[in-house]
Each structure stands twice: as structure tokens, then as C-alpha cells.
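Form predicted alone, single chain, as C-alpha cells, below.
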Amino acid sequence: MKRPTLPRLAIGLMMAGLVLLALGGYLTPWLGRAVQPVLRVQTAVVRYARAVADYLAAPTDVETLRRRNQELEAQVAQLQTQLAILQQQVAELELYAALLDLARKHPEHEYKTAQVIGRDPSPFMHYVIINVGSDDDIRPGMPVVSAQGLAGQIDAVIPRASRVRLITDPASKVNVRITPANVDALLVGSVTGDLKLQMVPLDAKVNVGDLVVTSGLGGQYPPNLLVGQVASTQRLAHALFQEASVQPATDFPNLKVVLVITNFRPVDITPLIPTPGAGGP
């Protein structure tokens, strides 16, 4: 058997001594400091390896999230469409309820419900087309009201549609009464759609907010239909009458459904009104 050389014997003794020192706990602090760099490197390697694994798995997660997001957007769009339909139905129900309430307030009238199916394209005239006509016993001159108040008068008729001249039309003239002043006046339209009160007595106490209703004079409209409210008053120097502007009760830009008063027949009293300069019998 070959004897160990001196260097090998020295190395063996040093290793045995290190083992004995380690078992006795004398090398623990030194081992801790020696191991720390190794642990830091190992932790960094694990962290980077996990990041690489997450990155490689990310495309699948992103695609899943994208599909889910598209599904949710489709559901939101569908719910928004349903909400819009429900809101429209509620608005229509409220409109018909208001029309019914108006009819109940004036039980002396008979009504025909009609929808607005057209509007005038001219800036100089103000009328709408409704979907009832002579086949529905609609005749020229019949008053037309909205859920809020007076809208106009039937101007022309065909079998299945009619034209309504609105009170905002320049050719429209309505005899009205201002309350609570209880004075009569003439309501006229204009090219701009503004409503003006003419022939208002100078001594009449007309205030902003006063109600304007049809008077029944002139034979063109039944009495007590709401027209609007006084918006402003004006007294011109040396004028024989005062004037006023009126805010209409009817929302003309959003007019969609109206009632035609079918049991009212207008009377043309123009031949009975004497004209200036006309000779007597």
C-alpha cells in the first residue's frame, strides 16, 4: 500500500479540521457571508426566469382579455340600444298621456289623433304635414292642438294627409284673450316664427307671465285653448296700442303628435265685417 505524501496528508488534516470547526459552529458567520453572494445571484436568476415565463405566457392572456373586452363592449352597446328604445317608449307614453289629459280638460271637443310626417322646408312658411286626411273626415279650418296647447289649423287636405298651418306662420292670425287682464288682442306669426300680440289697449295692465288663450272671436278657433305666455311688453311712443311678444306653449321644433278638433266648424265672418270706405245700403 502506497503511503500518502505530505501535501495530501496536510490537505486531509485541513479538511478534517474544517469539518470539525463547522460541526462546532465556529464557521457559521463566515459561511453566511460566503453564501450571501450566491443566494443573491440565485434569487436574481429565479426572478428573471419567472419574468421570461410570464412574458411568454402574456400573448394568450392579452388575447383572452381582448375577446372579453369585445364581448363586454357588445353587451354595453346592446343595453344602450335597449335603454334608448325604452326611453323613447316612455316619452311616447308621456306624450299620449298629456294629450289624453288635454282632451279630458276639454270634453266638449271631439278629437282625432295624428302624427307629424313632414315639415315645411321654406323659411318663409311654417306648417307641418300630418297622417290623417279627408278619408278620416278631416276638413280645412279644423283647429289642431298639441299636448301643451294650440298648434295651428288645417290648411289643406288630401285623402290620407293634411297640411297644418302653425300659429307661427306669417299668415296666421288668432284672436286671443290675455288673462288675468281679461283683454282681447290679435296674435300674429312672423317669418322668424316669433309670436306677437297686436291691438292690445294702451290702458291694459299686461305683465310678463300672463296667460294667452283663444278668445273664440272671429269664428276660427274655439275659446279657451292655451296659446302661451306673455314674454315681454312694449309701448311705442304715439302708438294707439301696445304690443307684446308671446312664448308659445307648444314646442314646435319637437312637434310629433297632435290632436285635430273634428267637431269644430270654423265660420268665415269676413263678408260681415265692413271695410273702410265701403258705402252703406
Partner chain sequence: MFRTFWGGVLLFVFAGVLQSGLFSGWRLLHGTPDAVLLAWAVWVLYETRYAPPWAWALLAGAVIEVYSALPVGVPLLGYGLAGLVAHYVLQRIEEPRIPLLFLFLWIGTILVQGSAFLGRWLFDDVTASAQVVLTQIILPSMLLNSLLALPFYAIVGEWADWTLPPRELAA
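Just so it is clear, the model here is predicted, and its values are computed rather than measured. Positions refer to the first chain, counted from 1.
Although it is not shown, the form predicted in complex with the partner chain is what the next lines describe.
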Note: the partner chain not shown here; in the model of the complex, the stretch from 206-214, 76-84, 140-148, 169-177 having heavy atoms within 4.5 Å of it is 169-177
Using heavy atoms only and a 4.5 Å cut-off, determine which of Leu72, Leu100, Val90, Ile117 is in contact with the partner chain in the model of the complex. Ile117
Could you check which residue among Ser134, Thr192, Asn131, Thr113 gets a heavy atom within 4.5 Å of the partner chain in the model of the complex? Thr192
At the 4.5 Å heavy atom threshold, is Asn182 in contact with the partner chain in the model of the complex? no
Is it the case that Pro121, even though its partner is missing from this view, gets within 4.5 Å of the partner chain in the model of the complex, heavy atoms only? yes
Could you confirm whether Ala161 comes within 4.5 Å of the partner chain in the model of the complex, counting heavy atoms only? no
Using 4.5 Å between non-hydrogen atoms, is Met125 touching the partner chain in the model of the complex? yes
From first to last in sequence, which residues of 210-241 have any non-hydrogen atom within 4.5 angstroms of the partner chain in the model of the complex? none
